[in-house]
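Next comes just one chain, in structure tokens: the form predicted alone.
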Amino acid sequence: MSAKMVTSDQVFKDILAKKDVFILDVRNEEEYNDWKIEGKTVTSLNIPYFDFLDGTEAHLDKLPKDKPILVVCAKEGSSKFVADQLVEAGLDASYLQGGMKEWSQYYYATPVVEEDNFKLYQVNRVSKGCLSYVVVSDGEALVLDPARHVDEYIQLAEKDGAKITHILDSHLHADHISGARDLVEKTGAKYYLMKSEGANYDHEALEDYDEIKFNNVKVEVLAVKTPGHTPGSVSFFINDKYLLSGDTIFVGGLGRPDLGGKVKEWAQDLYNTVFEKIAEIADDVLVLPAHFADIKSEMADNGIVGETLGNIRKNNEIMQTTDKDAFLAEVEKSASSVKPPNFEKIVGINRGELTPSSEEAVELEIGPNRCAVHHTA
């Protein structure tokens, strides 16, 4: 009897439904420790695939007998082999379709707001902790920080009978490849990015816009007001209620300013952003960031990653460090932490200097994001 196959969508929906998920990850220890499937109700165990080549008997006492076991590997083959062995041993085992490669390309869209002529969706690339957004009003859609798999956004807009007309990147991303230019080719939409980010392709310079309007949507461009993660980092204030903060403010941290090699200068910008520019925004505004680091603490039970600015001010420890010298010292510590995998190549791609093959793009993006100050050593 063969083990059954489980999709990434099934796994994530079980996590959202607070079902117990037991994962046996058979990748090597280094890969497992760097990046794994996590969630509030997830229990995982790492036993490398090679340890199962002589059979399962030596490991059965480590595995649950009373609950399903999901076996995970890099690309599926090893996990199917182990899951089949566990089924033969009498356990309820399945394997993840496509392995962690497929998990890395899984997206989940959640409505944040659904009104008659205004909808705001958060699109969660769960494995990467990458968040993008689709705003829909009266047949038009705006996409913010699209990731590489652009059909996700086209299909989401089409479900609401909308055409994508505006595409924005809050900054040049370092942990994943932007899908903005591919989305422009497929939709003909206008693409907006700060000129100061140094992109080598045509785009609308956000420096030239105070706001972008279409139908029932007003997007205030907080350009040259929220730098820190990169010099051209931008936040967007939608309909005076929703702060799409890019990588400036997260639910549990701030955007790390060291990836451009100018940690001291950009840390000063980050301090000014947090304690001068963002200080002007009311506590009841909902902050929706471009990333999260910890699914257990930053994702709400409804699947949305976001929090009111007031609660972030209360609970985000780095935002409570008002002493400038102490703040700068804490931020500079982020420069010694592990950087996003392959970030220099990814920035080069997003700047328009490199063009990867499809397979290269997949490999470059494997692993977690590490864009927050709270990833410190």
Partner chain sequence: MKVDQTVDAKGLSCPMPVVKAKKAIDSMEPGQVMELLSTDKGSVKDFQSWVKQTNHELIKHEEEDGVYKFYVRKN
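Residue numbers count along the first chain shown, from 1. Note that the coordinates shown come from a computational prediction; the quantities given were computed from them, not determined experimentally.
Beyond the structure shown, there is the form predicted in complex with its partner chain, which is absent from this document and is the topic of what follows.
*Asks:* Can you work out which of N216, Q122, S78, Q268 has a heavy atom no more than 4.5 Å from its partner chain in the predicted bound form?
*Replies:* Only one listed residue qualifies here, and that residue is S78.
*Asks:* I need to confirm a contact call. Of D61, D323, E30, D66, which residue comes within 4.5 Å of its partner chain in the predicted bound form, counting heavy atoms only?
*Replies:* Of the listed residues, the single hit is E30.
*Asks:* Pick the stretch from 325-333, 305-313, 46-54, 346-354 whose residues have a heavy atom within 4.5 Å of its partner chain in the predicted bound form.
*Replies:* Only one stretch passes the 4.5 Å heavy-atom test: 46-54.
*Asks:* Would D9 count as a contact of its partner chain in the predicted bound form, using a 4.5 angstroms cut-off between non-hydrogen atoms?
*Replies:* No, D9 is distant from the partner.
*Asks:* Contact with its partner chain in the predicted bound form for E363, defined as at least one heavy atom pair within 4.5 Å: yes or no?
*Replies:* Flag for E363 set to yes.
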